[in-house]
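Form predicted on its own, single chain, as structure tokens, below.
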Amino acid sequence: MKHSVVTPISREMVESFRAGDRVYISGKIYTARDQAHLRLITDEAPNFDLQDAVIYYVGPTPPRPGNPIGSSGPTSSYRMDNLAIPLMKRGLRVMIGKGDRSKLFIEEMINNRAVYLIATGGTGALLASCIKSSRVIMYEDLGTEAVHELIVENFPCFVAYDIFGGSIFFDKDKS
């Protein structure tokens, strides 16, 4: 199934997603990787509302003249597994990255009615073409790992894990 959604992404919308579905996102999404997650966990008042937010695991390259952002391919998500759990408890609804996740992450994702989407690795230039604007909103000292607010249009993803335990990955008994 194909979903075209506009952020913020509600709990009801997430409940309609199934593993393998295509999702095209428009609106605001935020970037955050390891170091930003560590700070967001302890930051009581981040510069954006985590409720129903979308976080994309990416460290974009600097933009070429005339472009809002450089190459913006997803990074491996497993590094954020334990760091994402406290953010889901604070309302984070959607995470975008690449690769498989841990059993603990998947259990917490289901408990918190969140969803994990994947963007295709190796397509950073294509994904950047869906990003209409980018600005650093937090932790500028982290360089490419700073939190960016992105405005995206038809940003393509696939549902990797849904809230019902569905998965595009074959190994459901991992530890």
Partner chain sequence: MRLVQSKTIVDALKKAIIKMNYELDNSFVARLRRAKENEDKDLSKSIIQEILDNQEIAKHGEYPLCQDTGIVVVFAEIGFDVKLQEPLESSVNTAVSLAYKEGFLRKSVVNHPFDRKNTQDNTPAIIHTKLVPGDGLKFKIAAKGAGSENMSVVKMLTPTVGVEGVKKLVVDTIFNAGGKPCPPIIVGIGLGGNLEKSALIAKEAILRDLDDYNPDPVLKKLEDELYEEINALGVGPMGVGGKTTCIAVKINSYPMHIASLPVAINIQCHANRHEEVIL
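Keep in mind it's a predicted model, so treat the numbers as computed, not measured. Numbering follows the first chain given and starts at 1.
Just so it is clear, the following notes concern the form predicted in complex with the partner chain, a form of the same protein that is not shown.
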Notebook entry, point to check: Candidate spot R33, I69 and Y78, all three in 4.5 Å heavy atom range of the partner chain in the model of the complex?
Noted result: yes
Next item on the list: Considering the partner chain in the model of the complex, find the one stretch among 104-112, 146-154, 46-54, 60-68 with heavy atoms no farther than 4.5 Å from it.
Entry: 60-68
Notebook entry, point to check: Heavy atom within 4.5 Å of the partner chain in the model of the complex: which of M138, I118, I29, L40?
Noted result: I118
Notebook entry, point to check: So, in the model of the complex, is R90 in contact with the partner chain at a 4.5 angstroms heavy atom limit?
Noted result: no
Note to self: I'd like to know if P86 sits close to the partner chain in the model of the complex, meaning any non-hydrogen atom pair within 4.5 angstroms.
What the structure shows: no
Note to self: For the stretch 9-29, I need every residue with any heavy atom inside 4.5 Å of the partner chain in the model of the complex, listed N to C.
What the structure shows: R22
